Ligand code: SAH
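A single chain comes next, written as structure tokens; it is the form predicted on its own.
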Amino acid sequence: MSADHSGIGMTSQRTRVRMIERLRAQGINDEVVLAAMNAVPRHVFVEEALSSRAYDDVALPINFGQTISSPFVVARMSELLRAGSRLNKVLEVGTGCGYQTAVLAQLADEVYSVERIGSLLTRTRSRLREFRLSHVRLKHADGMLGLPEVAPFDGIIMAAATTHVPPSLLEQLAVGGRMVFPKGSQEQYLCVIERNEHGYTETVLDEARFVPMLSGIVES
């Protein structure tokens, strides 16, 4: 990545390397995903008061009632989305602070990300600009609607939990594509939907904990 965010102390490269070692121990074995996680400085995406915890395996608050997912969850969802192959065009539903977006930017040729909270997106847009990610496009929009104007996507990743996937998003998944998302309300699980020429298949995986997916857009 272009920007220099090497950091010192708890935000140093050494701390990031320890995070990668922990991810390996937790079962993340896609070396491309691990390299992407190593390339993106997580401390840049958390609130300054929490920077000492940036590389802990925990979700952290980022204001606006949102959270940055734990490193393991970001790595796990990225690994599931990639499934061992280079991604062409990816849609992220829920830009949040931009951490997952920056990781996806290491894994895909094109990344489109939508965020419903305008003020949050403004902050994230400014932060991501430092990294000069010319193949990333951010949009203030209702994630439940996706981005039909640039569909289909060979990967869709959702950063909020839903009890059912909106049909509009399913339609925007390319044949051969994969969607990774948390499903449920009280009890949540990571799920993968794969689309083939005959329809869709869904696989339920790990337990998860995400904020709920909401419709509509807000300015702040």
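Bear in mind that the values here come from a model prediction, so they are computed numbers and not experimental data. Note that residue numbering follows the sequence shown and begins at 1.
Unshown form predicted together with this ligand; subsequent notes refer to it.
Within 4.5 Å of some heavy atom of this ligand in the predicted complex lies at least one heavy atom of Thr67.
Although the partner is absent here, Asp142 is a contact residue: one of its heavy atoms lies within 4.5 angstroms of this ligand in the predicted complex. When this ligand is considered in the predicted complex, Val211 lines it closely, a heavy atom lying within 4.5 Å.
For Cys97, a non-hydrogen atom is located within 4.5 Å of this ligand in the predicted complex, even though that partner is not displayed.
The stretch from 30 to 38, 183 to 191, 159 to 167, 48 to 56 that comes within 4.5 Å of this ligand in the predicted complex, counting heavy atoms only, is 159 to 167. Contact check for Ile62, Ile117 and Leu120: all three have a heavy atom within 4.5 Å of this ligand in the predicted complex. Proximity to this ligand in the predicted complex, defined as a heavy atom within 4.5 Å, singles out one entry of Ala75, Val90, Val93, Ala105, which is Val93.
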